[in-house]
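This document opens with one chain alone, in structure tokens, the form predicted on its own.
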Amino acid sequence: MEFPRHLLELETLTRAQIEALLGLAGTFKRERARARSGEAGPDRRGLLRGRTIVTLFFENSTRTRSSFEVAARALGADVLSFQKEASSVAKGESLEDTVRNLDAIGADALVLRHPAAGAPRLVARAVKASVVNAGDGAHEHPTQGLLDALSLRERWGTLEGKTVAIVGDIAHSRVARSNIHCLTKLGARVRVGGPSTLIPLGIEKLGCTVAKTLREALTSADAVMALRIQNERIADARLPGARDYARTWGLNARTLEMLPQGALVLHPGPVNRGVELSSDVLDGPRSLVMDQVDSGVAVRMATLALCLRAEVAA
């Protein structure tokens, strides 16, 4: 099984490719956990020693950017953090010219977040380096879909036959799209729900079903992922206020009773406490939110290792 040189989306990955990446990420995650407890393990810093990873984020990020940089350093790579405001982009340089210059400098991989859907594919055509999509507009966020699948698979053993509800701003969510592609390929059923103005027409064509109410979304679900409203991507949309949204679509102790006992709660972050999730849900025993962050480093380690053809010994 060969993994592609670029990770641009999950829509075109096969189940075997996803399983291979999750298997390697699971290994890395277990090794990191043992290292934190003081147990010796394999030194992975030689896998990408001498390689240069450039993170280019044209949108704000905490978890994704930080975890990619931690992942790259954990594999021994050098990391260059591109700062848009301090670069020639601020002088009018195009994205293509920017990445061609970074490619000429010797970047081995470019990790790109960009507000325009399709930007990573454009960059992949312009450079020799591997390109990893860290989120492009409302298109996809592939490593987020993978890390969510990893956190769930570790709890369940398999996603086959499980039902995952995704509630919130589906229309503008690249996370929702990547999760639909990833989870369904791994055998799960995906159900989406949210305010009617935030459910795109034809979303069912991706392989999910649509719930019209929170109760319908949560009934018999094995896990629910809450999404925030993407205000930065919305213009002139008829949106509920935060209070109305929290009352009709927010997860709290009362609405959590609609879920089966033991069902899990996820959120890709950032979380608006008291809107998508109440504090008792976010910090409660069902929450996988911090585990998702931990999974993120491992998934991004695996992504960089596979895209750059590192030889990983067991």
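These numbers come from a predicted model, not from an experiment. One rule holds for the numbers: they count along the sequence shown, beginning at 1.
The form predicted together with a small molecule exists for this protein as well; it is not shown, and the discussion that follows is about that form.
- Contact check at 4.5 Å (heavy atoms) against the small molecule in the model of the complex: all three of 63, 141 and 144 pass.
- When you look in the model of the complex, the only residue of 150, 198, 175, 124 with a non-hydrogen atom within 4.5 Å of the small molecule is 175.
- Residue-level contacts in the model of the complex: of 42, 270, 46, 262, one residue has a heavy atom within 4.5 Å of the small molecule, and it is 270.
- For the chain shown alone, residue 113 is a contact residue for the small molecule in the model of the complex, at least one non-hydrogen atom being within 4.5 angstroms.
- Shown alone here, residue 162 lies farther than 4.5 Å from the small molecule in the model of the complex, counting heavy atoms only.
- Proximity of residue 228 to the small molecule in the model of the complex falls within the 4.5 Å heavy atom cutoff.
- Stretch 262-270 is the answer when you ask which of 28-36, 262-270, 282-290, 246-254 has residues with heavy atoms within 4.5 Å of the small molecule in the model of the complex.
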